[in-house]
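What follows is a single chain, given as structure tokens, in the form predicted alone.
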């Protein structure tokens, strides 16, 4: 993917509303044929950014280039791009087929050819051909999602933009559509730019992810890189549940937690000039001390606590352990789980190499 040329480039793009910089100096290359996802909390600037990319808003400064050509002033209806909105924006008075054919009709394509185009893209979107003449207002939420996708594909854009299209549907259908969207993107080779607040969607679907905060891109990388090598505390905590321990650096090089009255071995590299900050460990990187992992001596880092609660997460179990004034989350595979009773005294452990340290 990295060897492919960029199809879309942003160069120091800003969008201001009075004194507020909703998008503040974003520079980004989106590679042709990739599925690039932008995630971030509410108010981070991701919707403002995609409105500029699709041509609904103009940047206050900076440049947006499509295949090397500046398109800041090109209106949305003159760009070779298409948007799938959260609201879907289907035409309620039309049938499924008429919705999908709409762009072809606007281009003056004869009816017979429009029907061929509509049939092809409905099939690609996993819609039965029997739905072609069905009123779109009689379709279910999932069916309308597929109609909106088929309509966007029928426009034959160079880039498809998606603004949280799956946020209003139930979990099981959303998981199905996530996989279908990724399959369709691979099959068509189109460039997809996807906006979502769902970290799970971003991790499942994306080739690369851009994490936004306060109008800036905090980090860009593959899902694996974003999750395992976050650049700062914000990205670490935003991209999944974590255990966060305030620590300071002792003279012997260990990390001291006043809250837990304990010290820990840090990972190999600490931030330059580090004196205090946080030690972060993800739940799946923590485990319970048992005879197997203590056979070769005391585990590297330990915390004692009391098992307070447990949550079944399909193939995994998540435990909540309370220690002093802190609460820890630990995950393990259900198949590997040992029966424990709530209230049991337990000891948690993790390898120093599985932890992350960030300065305040």
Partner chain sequence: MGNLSPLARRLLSSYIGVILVIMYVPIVTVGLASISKSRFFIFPIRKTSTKWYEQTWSSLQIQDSFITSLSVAACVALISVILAFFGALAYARYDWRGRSLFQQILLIPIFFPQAVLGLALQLWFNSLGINMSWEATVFAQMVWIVPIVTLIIAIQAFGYDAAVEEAAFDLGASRWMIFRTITLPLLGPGVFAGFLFAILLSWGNFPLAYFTSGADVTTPEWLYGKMIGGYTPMVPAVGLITVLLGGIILAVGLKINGMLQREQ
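Residue numbers count along the first chain shown, from 1. These numbers were taken from a predicted model, which means no experiment stands behind them.
Keep in mind that the form predicted together with the partner chain is not shown, yet the notes after this line are about it.
- Message: Just to confirm, with a 4.5 Å cut-off on non-hydrogen atoms, which of 87, 275, 130, 140 contacts the partner chain in the predicted bound form?
- Response: After the contact test, the surviving option is 87.
- Query: Which of 250, 258, 106, 269 has a heavy atom within 4.5 Å of the partner chain in the predicted bound form?
  - Reply: Looking at 250, 258, 106, 269 one by one, just 106 meets the 4.5 Å heavy-atom criterion.
- Heavy atom of each of 51, 76 and 82 within 4.5 Å of the partner chain in the predicted bound form: Yes, each of 51, 76 and 82 comes within 4.5 Å of the partner chain in the predicted bound form.
- Choose one stretch from 202 to 210, 151 to 159, 177 to 185, 215 to 223: the one whose residues place a heavy atom within 4.5 angstroms of the partner chain in the predicted bound form. Single hit among the candidates: 151 to 159.
- Query: With the cut-off set at 4.5 Å between non-hydrogen atoms, does residue 91 touch the partner chain in the predicted bound form?
  - Reply: Yes, residue 91 sits close enough to the partner chain in the predicted bound form that at least one of its heavy atoms falls within 4.5 Å.
- Task: Verify the contact flag for residue 65: yes if a non-hydrogen atom of it lies within 4.5 Å of a non-hydrogen atom of the partner chain in the predicted bound form, no if not.
- Result: The answer is no: residue 65 has no heavy atom within 4.5 Å of the partner chain.
- Task: Decide whether residue 56 counts as a contact residue for the partner chain in the predicted bound form under a heavy atom distance cut-off of 4.5 Å.
- Result: Although the partner chain is absent here, residue 56 would touch it in the predicted bound form, with heavy atoms inside 4.5 Å.
- Item | Any non-hydrogen atom of residue 102 within 4.5 angstroms of the partner chain in the predicted bound form | Output for residue 102 is yes: heavy atoms within 4.5 Å of the partner chain.
- Query: Since the partner is left out here, which residues of 17 to 42 would have a heavy atom within 4.5 Å of the partner chain in the predicted bound form?
  - Reply: Contacting residues: none.
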